[in-house]
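This document opens with one chain alone, in structure tokens, the form predicted on its own.
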Amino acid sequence: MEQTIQELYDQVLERKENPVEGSYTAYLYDKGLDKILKKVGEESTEVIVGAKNSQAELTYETADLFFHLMVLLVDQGISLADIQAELGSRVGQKSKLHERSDWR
């Protein structure tokens, strides 16, 4: 079985709007933003470690990170369309990173 990012987002949104008692998603929303942010941070670190270990571990940890990012986006009212629009606005644009004094 496969699941698209949009399907994952929709599932997470459904769980926020209609919490299922005992579900992990409901637990995260019940605990609030700080818990969600902590999990995003933990999963980001696990992606880095996974990348050093194997493709299988990187794939597994990336899926976890995607899930927690969807929880964060839904919590903050940001849609995938918002992310797509932001990405689209960057097409053909030079990175502005070099303009920042703290980029190195």
Ligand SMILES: N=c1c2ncn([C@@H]3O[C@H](COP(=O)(O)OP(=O)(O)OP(=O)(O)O)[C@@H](O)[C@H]3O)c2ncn1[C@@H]1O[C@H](COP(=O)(O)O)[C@@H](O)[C@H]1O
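It should be emphasised that the depicted structure is a prediction, and the values quoted were computed from it without experimental measurement. Start at 1 and count along the sequence shown; that's the residue number.
Although it is not shown, the form predicted together with this ligand is what the next lines describe.
Enquirer: With the partner left out of view, is Q6 within 4.5 angstroms of this ligand in the predicted complex by any non-hydrogen atom?
Expert: It does not: once this ligand is placed as it appears in the predicted complex, Q6 has no heavy atom within 4.5 Å of it.
Enquirer: Residue-level contact is defined here as any heavy atom of the residue lying within 4.5 Å of this ligand in the predicted complex; does D64 satisfy this criterion?
Expert: It does: once this ligand is placed as it appears in the predicted complex, D64 has a heavy atom within 4.5 Å of it.
Enquirer: At the 4.5 Å heavy atom threshold, is Q84 in contact with this ligand in the predicted complex?
Expert: Taking the distances in the predicted complex, the answer for Q84 is no, it never comes within 4.5 Å of this ligand.
Enquirer: Do S23 and this ligand share at least one heavy atom pair within 4.5 Å in the predicted complex?
Expert: Yes - in the predicted complex, heavy atoms of S23 and this ligand come within 4.5 Å of each other.
Enquirer: Could you list which residues of 1-20 come within 4.5 Å of this ligand in the predicted complex, counting heavy atoms only?
Expert: Contacting residues: Q3, L8, Q11, V12, R15.
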